[in-house]
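What follows is one chain in structure tokens, specifically the form predicted on its own.
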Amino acid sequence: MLNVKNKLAIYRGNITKIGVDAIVNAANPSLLGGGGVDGAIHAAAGPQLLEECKELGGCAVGQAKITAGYQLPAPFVIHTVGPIWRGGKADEARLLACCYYNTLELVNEYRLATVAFPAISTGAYGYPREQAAAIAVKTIYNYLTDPAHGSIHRVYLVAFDKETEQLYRKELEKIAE
């Protein structure tokens, strides 16, 4: 069994300040910046990030693309587009899980050891935080327990506020039992 405390950690703070191999950007489909964590990452990384994102041609919901981190402490940014909450009847849960899974696939492909995720889709996209936290923890845990995904040493769930941090901790406790 996976030792959850060694592989999956919760961190409260600013994702643009954490020193990991890659941070995850909860992006919009254009990848050209926006509000919330997306705007903060673009601002912290500098204008080169926007220039590289322009070359990517956008990103579909549930998919992920990787760029350099530029002025961020993390050498890479993985951009993923979460679903807009439409009441749970538009395949949102599967699409949100795909965001985490496809991001982890890039982390594994690039042989990165550490990655930090924000709470994808819970801001302007309106995904209920409790449901999003459950999907995040379950998807990451399932990915890490698959022996084929051995290059990842640590995944951080970065909470910007105390409420999100507590939701992550609650979900982690459920899985640890």
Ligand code: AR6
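Numbering starts at 1 and runs along the sequence shown. This is a predicted model, so every value here is computed, not measured.
Keep in mind that the form predicted together with this ligand is missing from the display, and what follows is about it.
Trainee: Should D38 be classed as touching this ligand in the predicted complex when contacts are defined as heavy atoms within 4.5 Å?
Mentor: Yes, contact at 4.5 Å.
Trainee: Quick check on G69: any heavy atom within 4.5 Å of this ligand in the predicted complex?
Mentor: Looking in the predicted complex, residue contacts with this ligand do not include G69, since no heavy atom lies within 4.5 Å.
Trainee: Find out whether any non-hydrogen atom of L49 is located within 4.5 angstroms of this ligand in the predicted complex, and reply yes or no.
Mentor: Looking in the predicted complex, residue contacts with this ligand do not include L49, since no heavy atom lies within 4.5 Å.
Trainee: Residue-level contact is defined here as any heavy atom of the residue lying within 4.5 Å of this ligand in the predicted complex; does A124 satisfy this criterion?
Mentor: Residue-level check for A124: yes, a contact with this ligand.
Trainee: Could you check which residue among V20, L167, V158, V155 gets a heavy atom within 4.5 Å of this ligand in the predicted complex?
Mentor: When this ligand is considered in the predicted complex, the option within 4.5 Å is V158.
Trainee: If you check C53, A64, A116, A26 against this ligand in the predicted complex, which one has a heavy atom within 4.5 Å?
Mentor: Only one option qualifies, and that one is A26.
Trainee: Taking a heavy atom within 4.5 Å as contact, would all three of P128, K138 and L172 count as contacting this ligand in the predicted complex?
Mentor: Spot residues vs this ligand: no contact at all.
Trainee: When this ligand is placed as it is in the predicted complex, which of 26-34, 106-114, 143-151, 55-63 ends up with heavy atoms within 4.5 Å of it?
Mentor: Only one stretch passes the 4.5 Å heavy-atom test: 26-34.
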